[in-house]
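Read the single chain below, which is given as structure tokens and is the form predicted alone.
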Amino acid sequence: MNHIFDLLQFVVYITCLVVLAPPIGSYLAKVFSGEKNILSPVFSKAENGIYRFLRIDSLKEMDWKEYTFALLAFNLMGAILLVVLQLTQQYLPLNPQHLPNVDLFLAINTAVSFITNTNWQAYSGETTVSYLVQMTGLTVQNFLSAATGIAVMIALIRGIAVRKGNSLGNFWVDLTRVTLYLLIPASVILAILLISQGVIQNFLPYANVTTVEGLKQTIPLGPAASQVAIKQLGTNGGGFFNANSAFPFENPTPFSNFLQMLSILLIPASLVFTYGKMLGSKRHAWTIFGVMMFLFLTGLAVSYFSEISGNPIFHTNNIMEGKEARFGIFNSVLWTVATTSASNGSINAWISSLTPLTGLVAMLNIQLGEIIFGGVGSGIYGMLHFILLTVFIAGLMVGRTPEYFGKKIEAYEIKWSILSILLPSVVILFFSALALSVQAGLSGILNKGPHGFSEIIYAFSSGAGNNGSAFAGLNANTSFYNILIAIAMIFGRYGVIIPTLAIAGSLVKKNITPVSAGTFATDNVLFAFLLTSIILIVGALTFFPILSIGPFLEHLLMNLGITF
């Protein structure tokens, strides 16, 4: 009976995703193209007012270098402001708990985390940062880092679609439109729905209560719903509270749980159809969506089967330890696979408590570059690099210059694509090896054996993959990990953004070649098969050795009844 109910939830979830994504994608295509849309009467005056107030010339076009410089400068300013807020929070208002200033290295790690859309948290939100820092620092960056990723995707689309031009648009205009027409209204709607379910939204001091056992307990409060909404919609994932979405004040009911799980993938899935709409190929969008859905469902099936199977250590199945006891095993598994398929990182279960194979799926989802729907914007431009490799390899196989939407794919584009795929991978492997070789890294491990190994690998995968979730167990709030993971997050974010914009800048200058009999189609089952193969061969095999001696080895030992 439980399995039937799980299947029903799954069908409802996938149906909502498939039904809602295409129309939202079409709406976003109008927004990003500057066309009139359903919210134009509401926000068009505000949009023009922002341009006038900030003295932005909305008609000025940028080439890829100007676009990149504006993006990097904007993100750097956001990081500096966020560091300053944390280092001075005890002197600022909206700090009813009188929390002290944040440690410098932790402040830098947190600032980098939120501007890179990672939201890695080496701290407990309710005991470390004030309401002011949560709202004006972290929540603001939740909006802006998400908007930055989508802006890069828009620039990429222009690079592919424009016939022999030079500009990729205007970063400030793209950033404004994404925030006004998408992230703000969507977050307001979701926040209201969450408040209706009991997610708290207030500015009260923490409540000191006496439990039924007669013990004293402090109940954290605060403006949670507004941050929870954008953390999910923007694939940010940072928890207002330390327990994240496993905390009842952040996720109180089955409906709030469903809304948050759906919102994790809704915008990333919708942007696939925005991509196809703006390039004039709905079939290509459905092909990409099909590849993403296939990888997502495969990981979900492996994880769910692993969680409900027998465990030789405890001589039982359906183990609930570490799961979301209120909503059941399936919701824990679905959330875990969804949050690691996107660059979200929020949790409603303890990933460290999941079976080794489920942990392997979560880790691999991140290590692939989180292109299985992926982050908002970053999922599409991350997938593009695998698409270009697929087109290039297919072109070599038939002896024809590879083309993608009529633009010739040459050595320049492939070099940048290889760099964007390899750089985060190198960071994960090198930093993990370093942490496993020095006492400063090993001292943070909680568990021994392959599980402890996985704690370190997962931490750097989460950082470089801009995910933000944690395998748990690892004490990452040390100078060693705060510095290294911050560097990993920077390389993982901008080591993909810069190559993407460089490729867009190259493609926009090329003329569009007419389709001929020799053109390799990118909207059919053959292309979907080749793309999936390239993702698994190039992406997955890179990490096969560490996955083998981490979660896979732990799975084999578990079946033998061996623990550490």
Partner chain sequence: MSSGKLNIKLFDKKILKQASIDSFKKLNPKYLLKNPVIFIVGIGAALTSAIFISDIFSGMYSSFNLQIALWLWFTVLFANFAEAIAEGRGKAQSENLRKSRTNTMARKLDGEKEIQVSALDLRVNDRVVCLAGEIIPADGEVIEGIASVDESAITGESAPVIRESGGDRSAVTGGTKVLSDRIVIKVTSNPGETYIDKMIALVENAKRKKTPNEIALSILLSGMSIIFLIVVITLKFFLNYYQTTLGQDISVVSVPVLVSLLVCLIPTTIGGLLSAIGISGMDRLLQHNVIAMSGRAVEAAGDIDVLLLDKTGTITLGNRMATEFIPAPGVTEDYLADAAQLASLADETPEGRSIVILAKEKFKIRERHISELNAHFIPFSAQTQMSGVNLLSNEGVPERSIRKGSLEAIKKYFAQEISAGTESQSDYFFSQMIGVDIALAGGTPLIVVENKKILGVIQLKDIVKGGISERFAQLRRMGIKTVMITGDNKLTATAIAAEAGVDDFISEAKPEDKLQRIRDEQSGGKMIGMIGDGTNDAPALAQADVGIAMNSGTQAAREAGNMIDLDSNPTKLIEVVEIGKQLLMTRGALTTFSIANDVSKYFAIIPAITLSLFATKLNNGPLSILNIMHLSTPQSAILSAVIFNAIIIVFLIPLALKGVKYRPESAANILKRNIILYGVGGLLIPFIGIKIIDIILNILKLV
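If you're wondering where the values come from, they're calculated on a predicted model, not measured in any experiment. Numbering follows the first chain given and starts at 1.
As for the form predicted together with the partner chain, it is not shown, yet the points below apply to it.
Colleague: Please state whether all three residues A394, F430 and L530 have a non-hydrogen atom within 4.5 angstroms of the partner chain in the predicted complex.
Modeller: Affirmative, all three are within 4.5 Å.
Colleague: Please name which of the stretches 486 to 494, 111 to 119, 376 to 384, 450 to 458 has residues with heavy atoms lying within 4.5 Å of the partner chain in the predicted complex.
Modeller: Of the options given, it is 450 to 458.
Colleague: Please identify the residue among I80, L436, I192, A325 with any heavy atom within 4.5 Å of the partner chain in the predicted complex.
Modeller: Looking at I80, L436, I192, A325 one by one, just L436 meets the 4.5 Å heavy-atom criterion.
Colleague: Of these, L132, I414, I184, L87, which has a heavy atom no more than 4.5 Å from the partner chain in the predicted complex?
Modeller: The residue in contact is I414.
Colleague: Is T401 close enough to the partner chain in the predicted complex to count, meaning some heavy atom within 4.5 Å?
Modeller: Yes, T401 lies within 4.5 Å of the partner chain in the predicted complex.
Colleague: Residue-level question: is N48 within 4.5 Å of the partner chain in the predicted complex, judged on heavy atoms?
Modeller: Flag for N48 set to no.
Colleague: How about I512 - does it come within 4.5 Å of the partner chain in the predicted complex, if we only consider non-hydrogen atoms?
Modeller: Although the partner chain is absent here, I512 would touch it in the predicted complex, with heavy atoms inside 4.5 Å.
Colleague: Can L556 be called a contact residue for the partner chain in the predicted complex at 4.5 Å between heavy atoms?
Modeller: Taking the distances in the predicted complex, the answer for L556 is yes, it comes within 4.5 Å of the partner chain.
Colleague: So which residues in 509 to 526, when you check the partner chain in the predicted complex, have a heavy atom no farther than 4.5 Å from it?
Modeller: Stretch hits, in order: N511, I512, T513, P514, S516, A517, G518, T519, F520, L526.
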